[in-house]
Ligand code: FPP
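The data below hold one chain only, encoded as structure tokens and taken in the form predicted on its own.
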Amino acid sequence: MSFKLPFIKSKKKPEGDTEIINVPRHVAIIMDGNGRWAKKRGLPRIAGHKEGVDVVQQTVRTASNYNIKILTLFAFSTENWKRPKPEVQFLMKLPKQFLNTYLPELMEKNVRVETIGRFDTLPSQTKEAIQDAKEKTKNNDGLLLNFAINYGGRDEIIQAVKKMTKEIENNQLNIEELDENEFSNYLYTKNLEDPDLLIRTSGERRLSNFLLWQLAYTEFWFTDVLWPDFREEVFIQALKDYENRKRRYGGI
């Protein structure tokens, strides 16, 4: 099933209190700052991750209210496995915790759950919780909530090259026909349009190996707000800023 959507600039007033005419169709967020949020309060890092789970759902509500079509959240990178084992184990439990708590609301809001990344190598309890949510929400046609979990941009490109090379060797692909659109079909996001807006919290200004191919013409918005403090009004600031951007895609 293809998730690609034609570009339509909606003039319909969203359910949110603040009217925004030019709403990005696809918003990607690097949810950063959980550990620093906890440290400032003298709490263990996992306390920040736990607090961040509720913010995810608040953000989903806002995205849904403003008629955003795709929300991609960077939940866990391929590099995050380097973190202390207890922290990684806790992070792997969060999808189940989130979905057990909020799946009824996701169903009510017609949200569909998907993932990108190396799904098959996740712990079984993490996979089972996510797969259950995917199955239960597969017929929903509202907001697509897309978790990037066990995801790395460079790894995604390497895996794409491997698949592509194998097809070339098997005469399934003519290398002379390869272009950007064809290459995109080998990425995890092959059925998704590229993000219009990238938000990163916590004050950092780097991509951290996130959607390296897909963010080529994306608008970036950075905030010093730590992820557990990311509230609707901050999200709306980002959407209002995007509304005033002029996207030229290399043209005039």
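Start at 1 and count along the sequence shown; that's the residue number. Because the structure is predicted, anything quoted here is derived from the model rather than measured.
Unshown form predicted in complex with farnesyl diphosphate (FPP); subsequent notes refer to it.
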Answer with yes or no whether V111 is in contact with farnesyl diphosphate (FPP) in the predicted bound form, where contact means some heavy atom within 4.5 Å.
no
Exercise: L197 in contact with farnesyl diphosphate (FPP) in the predicted bound form, heavy atom 4.5 Å:
no
Given that the partner is absent here, does Q214 sit within 4.5 Å of farnesyl diphosphate (FPP) in the predicted bound form, heavy atoms only?
no
I'd like to check something about R61: if you look in the predicted bound form, is any of its heavy atoms closer than or equal to 4.5 Å to a heavy atom of farnesyl diphosphate (FPP)?
no
Considering A129, L106, L71, A75, which brings a non-hydrogen atom within 4.5 Å of farnesyl diphosphate (FPP) in the predicted bound form?
A75
Sort through L207, M31, V225, A47 and report the residue having a heavy atom within 4.5 Å of farnesyl diphosphate (FPP) in the predicted bound form.
M31
Name the stretch: of 168-176, 91-99, 116-124, 150-158, exactly one has residues whose heavy atoms fall within 4.5 Å of farnesyl diphosphate (FPP) in the predicted bound form.
91-99
In sequence order, which positions of 46-67 have a non-hydrogen atom within 4.5 Å of farnesyl diphosphate (FPP) in the predicted bound form?
H49, G52, V53, V56
